[in-house]
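Quick heads-up: it's one chain on its own, the form predicted on its own, in structure tokens.
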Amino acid sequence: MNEVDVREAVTRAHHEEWARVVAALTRRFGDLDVAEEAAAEAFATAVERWPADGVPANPGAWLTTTANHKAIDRLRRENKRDDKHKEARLVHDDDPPEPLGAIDDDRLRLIFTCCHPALAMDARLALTLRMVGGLTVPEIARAFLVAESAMGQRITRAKAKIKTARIPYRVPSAEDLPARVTGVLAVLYLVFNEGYLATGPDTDPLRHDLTAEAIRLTRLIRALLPDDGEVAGLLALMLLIEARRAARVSASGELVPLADQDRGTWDTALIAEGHRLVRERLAAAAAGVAPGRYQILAAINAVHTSARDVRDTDWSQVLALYDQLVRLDPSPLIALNRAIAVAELDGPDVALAAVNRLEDRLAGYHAYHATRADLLRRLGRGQESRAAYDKAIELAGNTAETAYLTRRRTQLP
């Protein structure tokens, strides 16, 4: 095996085994710092030894064993395990793990610990990407436009909060699991959204690294909780959006709206997988299982990706799904997106009236002004449309979106 093959093997092992190694060490030693450092040292050792020794038959087992030895060495050096019983646990870790929570899986425990509601959302995001995703601190800092030192402190504080608040390392009980899963999915959706449409002006407009990581982690949750409808719904939603990535930014760097995208460049494999998941959830709904927010959003995206041409879009079905979603989530953002479907069915004047009613709650949101600008343009109200475009451009951070809005504004008569 040549050097390139070994490097690819290490990269693959990092993607597949990082969370498993960190989770196993966290369960054994009860310390996220120890687990993180030992896992990182194990992968660094792999980079050094695998080119000479060869890639082991079971990379995950090799990495876990090596990380365990690294952790034990660290704890002994720091004199943190003087007690004879604890010393024995370091050398002889043969006790069967105690089942904790509704599902006994180390990785799931790690995810629920990192996404615990006692932590602030920004801390949950950072900690999940570091401990579960294996991203480095500089990578996470770049993703969310935060200084590396500040991101490092954020992760350190989050781990300290887990320790001082005695946040349990376990999967929630069966009674608490649905509510806690919702929090985990919210974290993964935020990661995906930042990649789907990056908010900062000094970063790539689309962050494939973040969307890919969010999808990978959601697949992991799906494998661990295969019967959870909202997990399946979120995965389907991500896949159907990610399928359109190649068509979303033009060669000149402008965002390309859904109506103008080259549908021939969409990823048919991702669309097929997303549609299959949506059909599974529709079958469950037919059997009396009410769909949740992510499932309905996935169904809306399934309608869009089913149309070979924008003119074939079943807008009445899209609107019916938004009506169902509004009953679950009466947020102004959902109402704004619903108005876009209304414009296709009832005309831009009806949609504009609905959008205007959202001003008090969305005045600081660029998409509100961009939607108004487009509706006003369609109604021939050029001066008002120009003012709305100006406001949208002022508030938009994404470079591709800003370029698109600027061009649309200059095209007004």
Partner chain sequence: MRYLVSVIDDKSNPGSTDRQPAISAFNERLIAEGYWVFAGGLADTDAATVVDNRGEQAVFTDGPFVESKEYLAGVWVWEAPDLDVALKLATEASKICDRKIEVRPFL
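Residue numbers count along the first chain shown, from 1. Please read all numbers here as calculations on a predicted model, not as lab measurements.
The following text describes the form predicted together with its partner chain, which does not appear among the structures shown.
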**Prompt:** If you check in the predicted complex, is R107 within 4.5 Å of its partner chain, heavy atoms only?
**Reply:** no
**Prompt:** Does any heavy atom of A335 come within 4.5 Å of a heavy atom of its partner chain in the predicted complex?
**Reply:** no
**Asked** Quick one: is H116 in contact with its partner chain in the predicted complex, heavy atoms, 4.5 Å cut-off?
**Response** yes
**Message:** Under a 4.5 Å heavy atom criterion, is E78 part of the interface with its partner chain in the predicted complex?
**Reply:** no
**Message:** Just to confirm the contact call: exactly one of 256-264, 163-171, 242-250, 122-130 touches its partner chain in the predicted complex at a 4.5 Å heavy atom cutoff, so which is it?
**Reply:** 163-171
**Residue among D329, E148, D176, D314 with a heavy atom within 4.5 Å of its partner chain in the predicted complex** = D176
**Asked** Exactly one of R142, H275, K159, R180 has a non-hydrogen atom within 4.5 Å of its partner chain in the predicted complex; which residue is it?
**Response** R180
**Message:** Suppose contact means any heavy atom within 4.5 Å; which members of 360-381 contact its partner chain in the predicted complex?
**Reply:** none
